[in-house]
Each structure stands twice: as C-alpha cells, then as structure tokens.
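In the form predicted on its own, a lone chain appears below as structure tokens.
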Amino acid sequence: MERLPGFRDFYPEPLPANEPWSCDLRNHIFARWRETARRYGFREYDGPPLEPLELYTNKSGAEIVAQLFNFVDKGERAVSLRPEMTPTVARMVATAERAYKKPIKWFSFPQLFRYEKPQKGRLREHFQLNCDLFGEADPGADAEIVALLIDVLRSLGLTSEDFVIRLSSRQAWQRFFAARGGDPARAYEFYQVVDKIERERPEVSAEKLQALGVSLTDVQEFIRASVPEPELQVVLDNLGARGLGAFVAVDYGVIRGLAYYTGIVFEAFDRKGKFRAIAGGGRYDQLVHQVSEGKVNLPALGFGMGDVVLAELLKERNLVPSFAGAVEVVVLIEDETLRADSLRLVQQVREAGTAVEFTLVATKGDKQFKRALELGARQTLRVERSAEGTVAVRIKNLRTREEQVVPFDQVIAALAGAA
C-alpha cells in the first residue's frame, strides 16, 4: 500500500533511503515558528480542518472548487478540507472579536490541502505558519507583520544574503489603473494579469491588458521604476529604524493573486532565485466584513509561510541541524537481579526531565554499550550492589570516559552537575 500522490510521510532521523521528509526537521521549524511569534506577542489558535465550502466560494468564486478536496458530507452539507487558514481565522475573529482587546495578534500552523498537480515546492498538503493581526489600520501594523516574517526566517539561520521581502501595494496599482481610465469593476481582473506577467508570454499579457485599456509597456515601466508610494515609505522607514532595512525592497511586480487583498502586499524570495516564494501576505481589510455578512468591520493583515519550500531552502543552505542524540542517558542492565532497581532509576531520571533508554529484555553488556554509542548518549548509568547489600550507581561520561560512583539517591544531583 503506497501513500497518495502529493502527500508525505514524516520519518524520524536517520531517514530511510529516498524519504526526504524529516519529522525532526518539521518539529525544528515548528519550534522556531512558535518561539518567534510568541516574542512578538502573538497568541496561538487553531480551527477545524473541514469547513463549509461556501466559506471559500464566497471569497474566491466558484472557480476555486477545482483546487479543493471538497465533497457532500452525510448531513448533505457541501464541505471542503481547508486550502488556506485566512478565511477560518476571519470567521473566528468575526464571531468572537468582542472578547479580545485590539489589536488581536494570532498565529497558527495548520495542515492545508489543495487538489492540484504535485510539483517541486508545491504538494497537495503542507503545513503553514499563519500570522494575522486584526483591528489596526496604521501602516505600523504592516511593518510589524513584515518584521515578524523577517525574524521567523532569521531564527532558522537565514540572513539578508539568503532572502529578501519584496513589498508592493494594491492601492498603488489601484491608483495606476484608475489613472488610465480603468473600470473599477474589472480591477481584480487587471491584478490577475499583472500577477502572472512574469510567467505569461508577453503577447498574451499585452492582449489582456489592451482589453482593459492599459498598455504592457506602461505596466512594465511602473514595475521597473517601483517608486515607493507613501504607504510603502512608512513601512520602509519603520523597518529601517529596527535595523531591518537590508531585508526588504520595493517591487511592484508583486501583487498577490488572491482577491481579498486591499493594501500593502509582500512576498519573501530567496536571493538566488532557485525556489518559488517562501512566504506571502498582505492587508485584507474587507474580509472580516465579508465573512460576517457586514456585522463586523475590522482591518486585518497577515502572512502565510509553508514548510515545503522552507525545508528545501534550509537544506540547500546547509542550515538543517543534526538531530542525533535525542537520548541523553542509557541505563545498562548487566545483572538481571538488579532490573527492578534499574527500572526505578530509569523512572526517576525520566521524571527529572532527561531522555533515557534501556534494554527491555536481557541483553549482553557489550551490545547495550554499543547501542548507547549508536544513540549518541552522553552518559551511561549502571546500578551496582556492594558486598554489604547497598545499591549505588556508576555514571560514565561517554565523551571523556570518566566514571564516578554515587549513592542511588544522589544520581539526579550528579547528572545535573555534569550537564
């Protein structure tokens, strides 16, 4: 039985042959995500993996259904596995925003699902860090979100030589389109053309833009110049004051394809251009109002960062740490008459917070010691009984080969002193 296309198994290290996805690396990424978001004052939340289909069709239109894992459930409800988290968090905030002081700063890293052709950097499922801020319209909030994104990537060892955040503005493009007589009702259609301009043949983009009353040359010149509009300059100045100016650049080639963005948008790219976007986000001031059917109106912004491209980038830059040595101590049981005392020792050391392994069945001492070395343990412990019948523990440091014998009730203190 094989796993489904586009889905992953996560094995513990060391990985089996031809299995690229490490559960240890995933946990390492999750830990950095959680730690950095916490430092910025964000609180963790989660939501259901299954949502009403209309949560996504109301936001993105019926065409999105082709990209979803959707079905009719046993209650005759049209439902979908979540393809993104933003509609869910908007729904949650719209429901309970009165219970929280503003701004609301939340994060989550859900598993998301999209039914599309698997390709490099894009699968049918992935985990994604979502960080969102509700209730603040000032550009200072945009700078805070971008700073958080930068620090999440820095926490994993990446530097300004590895990645850049490209800043843009839907408002700037809206003004561009309006100044050329564009129909406001077709603005999103215009954004979609601009979003695909680097991937589309020039003649195709030119034809689509001409139908909207805009020339391809004019669009290309606007992107080439990328002069920061006032709302972007505020963000640039804010990030510069934090010492983060080297991580950002204005690039109007970024516009983001999702319909709900209303203001500043941004994407994170690796400097070498080897991978697709690492992360992306922006301001979506109308989504809570839309999801709540007009009952709640809160400005909002946020970003998402998937684990697939990020993990590949960390591997390529040799930033994946060694995950050997999860076991710190091995208790050797060479005398089966001392197994009960050894089990008592194992339990006490584990309760003190140390990772401990031991042989579950009678095994030769040399095999136990070899296993301790294979596990990368720091120390071995062996219960010994004196001629008088007292029990003590022999502690061996596997790095220095030094040994000491301590009374049974002093083992925890001795291990703490050796750490």
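Since the structure is predicted, the reported quantities are computational estimates derived from the model, not experimental observations. From 1 onward, residues are counted along the sequence shown.
There is another form of the same protein, the form predicted in complex with histidyl-adenosine monophosphate; it is not shown, and what comes next is about it.
Note on contacts: among Gly121, Gly182, Gly253, Pro228, the single residue with a heavy atom within 4.5 Å of histidyl-adenosine monophosphate in the predicted complex is Gly121. Put simply, of Ala277, Leu244, Ala249, Val296 only one has a heavy atom within 4.5 Å of histidyl-adenosine monophosphate in the predicted complex, and it is Ala277. Listed stretches are 328-336, 158-166, 298-306, 214-222; the contact stretch with histidyl-adenosine monophosphate in the predicted complex is 298-306, by a heavy atom cutoff of 4.5 Å. histidyl-adenosine monophosphate in the predicted complex is approached by Tyr260, whose closest heavy atom lies within 4.5 angstroms of it. In the predicted complex, at least one heavy atom of Glu116 sits within 4.5 Å of histidyl-adenosine monophosphate.
Although the partner is absent here, Gln128 sits close enough that one of its heavy atoms falls within 4.5 Å of histidyl-adenosine monophosphate in the predicted complex. The shortest heavy atom separation between Ser342 and histidyl-adenosine monophosphate in the predicted complex exceeds 4.5 Å. Residues Gly281, Gly282, Tyr284 are the members of 281-298 with a non-hydrogen atom no more than 4.5 angstroms from histidyl-adenosine monophosphate in the predicted complex.
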